[in-house]
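Next up is one chain by itself, shown in structure tokens, the form predicted alone.
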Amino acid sequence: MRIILINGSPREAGCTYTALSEIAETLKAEGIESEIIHASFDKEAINAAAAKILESDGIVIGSPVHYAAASGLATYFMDELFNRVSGKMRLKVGAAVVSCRRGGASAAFDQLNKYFTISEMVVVGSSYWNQVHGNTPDEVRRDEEGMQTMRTLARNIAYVVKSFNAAGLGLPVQEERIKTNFIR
């Protein structure tokens, strides 16, 4: 069982990374492997991430909040990634995590979760919206509620992944996709 954590921040060891690290530590304590991948504009790096993600049980995308949205890096990476993997992510787990100084978190959180819902993934939540607050990694670590939210999210992800694996069920029947064009 493995979860891929994507750091969509241009700062590799910043606030978003701090939140993802808390998730990784808790997943490890729950017996789930994880790996943090730093988002990139490089197509080969995106292809490598796609291969790892397709072999995983799910993903967590983390992003700082820029202008009440996910970072441009996270958005580009997810657009490119999901152009490669979207049709193969059905019923894998997905979760979004956002990091902000003060505001805009819910809009960025909503934006990132849309990648999962359109891909028929199981979106895992926590005790609050998956966000941390702070302007530095140290401030994020002092956001007790935010860090608790990350740990709860990780435990919930572990529970869902373990439950799916224990059930041993195949995927439900899927109808052939119908695409409607409203311009006639």
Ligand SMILES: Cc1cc2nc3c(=O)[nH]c(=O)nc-3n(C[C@H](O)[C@H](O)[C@H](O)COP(=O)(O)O)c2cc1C
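Residue positions are given as counts along the sequence shown, with the first one as 1. None of these values were measured; they are calculated from a predicted model.
Missing here is the form predicted in complex with this ligand; even so, the following discussion is about that form.
- Stretch 60-68 is the contacting one of 47-55, 30-38, 152-160, 60-68, since its residues have non-hydrogen atoms within 4.5 Å of this ligand in the predicted complex.
- Mapping the unseen interface onto this chain, Cys100 counts among the residues with a heavy atom inside 4.5 Å of this ligand in the predicted complex.
- Taking the partner from the other structure, this ligand in the predicted complex has a heavy atom within 4.5 Å of a heavy atom of Asn135.
- When contacts are judged by a 4.5 Å heavy atom cut-off, Cys15 counts as touching this ligand in the predicted complex.
- In the predicted complex, this ligand lies beyond 4.5 angstroms of every heavy atom of every residue of 21-57.
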